[in-house]
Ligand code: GFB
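Shown below, as structure tokens, is a lone chain in the form predicted on its own; questions about how it binds or moves come after it.
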């Protein structure tokens, strides 16, 4: 009997990348199909589909500005989404469940590089504490379910994921998606490209297709209680990616870094040791190549992009 794989958040960045693979016996759920904040509907849907495996990517996400503006709703909605998904999976007898967390859950004062064992050792950064605590609780719930009900629920942490079908909102999008949209509009309107922050912040950007490859590997091979970080371990500055985006989009205007706006955490390098132990030969897509594919998708699909 073929196993059924259920993917939540199928219209999101990672979910849609999984969908493009056309996995056999897969069911894809978007927010339009199921509101995961509604437990009764979530429970009924899982009972009807009877999935063997679940890749849980659904979340309410946004950049620094959105997190500063909506800490309460980000905490509430993400907490409900995760509690309901994992509980419905338990009740439906799901054999394996992979949930995605985020590097922003780590303590603001954590030592670098960020290691899986340090997840709960301090307060998250003020700029996204609501979202961060909700995501931390998914790790707690997974471990608690393992202990009481022997659920094989695992968690993975992707670092600054980007790619086709991202949310390109200027206000709520992640940095690369919002930047691509800003650059496109600046070129179209012949205006300056204004970027939040000093440009000095460093991030480990990972292309969504790489995250999907790692997720499918983890679903089949990773069974540890603690999370695993999906990262190349390579940091790139915001300033560098701004100039890279501008070059690839043919923007020749003035680039302005608005240092009155927040940078968020200046850097949060993560430890790739566990991933390298399992997959020492894995090759990540370069930021240049990933941006090229993302920008091509954006231009082709504009203005029907998520924004």
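What you see is a predicted model; the values in this text were computed from it and never measured. Numbering follows the first chain given and starts at 1.
Separately, the form predicted in complex with the named molecule exists; it is not shown, and the next lines address it.
Shown without its partner, this chain lists 64, 36, 275, 59 as candidates; in the predicted complex, only 64 has a non-hydrogen atom within 4.5 angstroms of the named molecule.
Taking a 4.5 Å heavy atom cutoff to the named molecule in the predicted complex, the contact residue among 157, 195, 81, 94 is 195. Interface membership of residue 152, defined by any non-hydrogen atom within 4.5 Å of the named molecule in the predicted complex, is ruled out. Heavy atoms of residue 173 reach within 4.5 Å of the named molecule in the predicted complex, making it an interface residue. Although the partner is absent from this view, residue 165 stays clear of the named molecule in the predicted complex, with no non-hydrogen atom inside 4.5 angstroms. Shown alone here, residue 201 lies within 4.5 Å of the named molecule in the predicted complex, counting heavy atoms only.
Contact with the named molecule, judged by heavy atoms within 4.5 Å in the predicted complex, is confined among 126-134, 141-149, 109-117, 208-216 to 126-134. Every residue in the set 102, 178 and 238 has a non-hydrogen atom no more than 4.5 Å from the named molecule in the predicted complex.
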